[in-house]
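So this first bit is one chain, no partners, the form predicted on its own, shown in structure tokens.
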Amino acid sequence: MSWGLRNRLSRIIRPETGRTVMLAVDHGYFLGPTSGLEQPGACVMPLAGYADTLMLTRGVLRNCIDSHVDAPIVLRVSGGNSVLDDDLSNETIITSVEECIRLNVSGMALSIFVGSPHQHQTIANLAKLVDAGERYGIPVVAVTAVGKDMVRDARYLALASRIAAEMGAHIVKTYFCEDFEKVSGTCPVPVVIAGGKKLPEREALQMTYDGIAAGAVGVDMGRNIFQSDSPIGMIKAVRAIVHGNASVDDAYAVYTDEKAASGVAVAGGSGLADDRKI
């Protein structure tokens, strides 16, 4: 592994804790204007200082994120489909490695759809991206995307995560599930858990806590942060668990204290859901 690749990985996963809080704001690449992300810059800029990494597309990075932002970038480089298609697995690589170098990114993210009609295509995309990334010292985050009809259990997610690692992915992003130790314990590269659909805040913090306890090195969370009634409070609370080993109760207190300080009435989680995203 080259020095440059090791250095970029150390910007994604903090060496002092071995963990990461990634802020996922790439939903628009197939969903368009997502609730809470209608104005990406207004959403992301107040949160950027609390994120170890921002995961987004080049269009949002170029047009909505100030160049002085210090948060490392993991760039979404797969796509080519939209929510209007029943089969979202028909993706390809949409951004070149040279473009990633120009944008000074720390990592590249690509989805694989194991068990879908286009699984071969997306797994081959991953292998090609890993080759290109290794050539220039840029790590690859493989996202184990799942369709609405796929079972999100340990057997399936362990299969998808292991395939991603076998293809050379440096980090795997997957969903939390019961018996998650069977996923993290059989994947030879670091695993981060996806936030998924919007949950009540305490439930999202419990998922974060359980994921870390079961071997995840962090989260790549989007809607459970930017759709919260206190996004800053929520990302601070997530950080308290991931980097500070806080309990769920203590982390929830971080959220409610920030919420109260911002003048929002404390009345529990919003529970807002946007189930269009798989």
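Here the structure is a predicted model, which means the values were calculated and not measured. All residue numbers are counted from 1 along the displayed sequence.
Keep in mind the form predicted together with a small molecule is missing from the figure; the text below concerns it.
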Legend entry - Full three-residue contact with the small molecule in the predicted complex, heavy atom 4.5 Å, for 173, 194 and 223: yes
Inset, instruction - May I ask you to choose, among 143, 138, 205, 169, the residue with a heavy atom within 4.5 Å of the small molecule in the predicted complex? - result: 143
Legend entry - Listed range touching the small molecule, judged in the predicted complex by heavy atoms within 4.5 Å, from 24-32, 245-253, 57-65, 44-52: 24-32
Inset, instruction - Determine whether any heavy atom of residue 111 comes within 4.5 Å of a heavy atom of the small molecule in the predicted complex, and answer yes or no. - result: yes
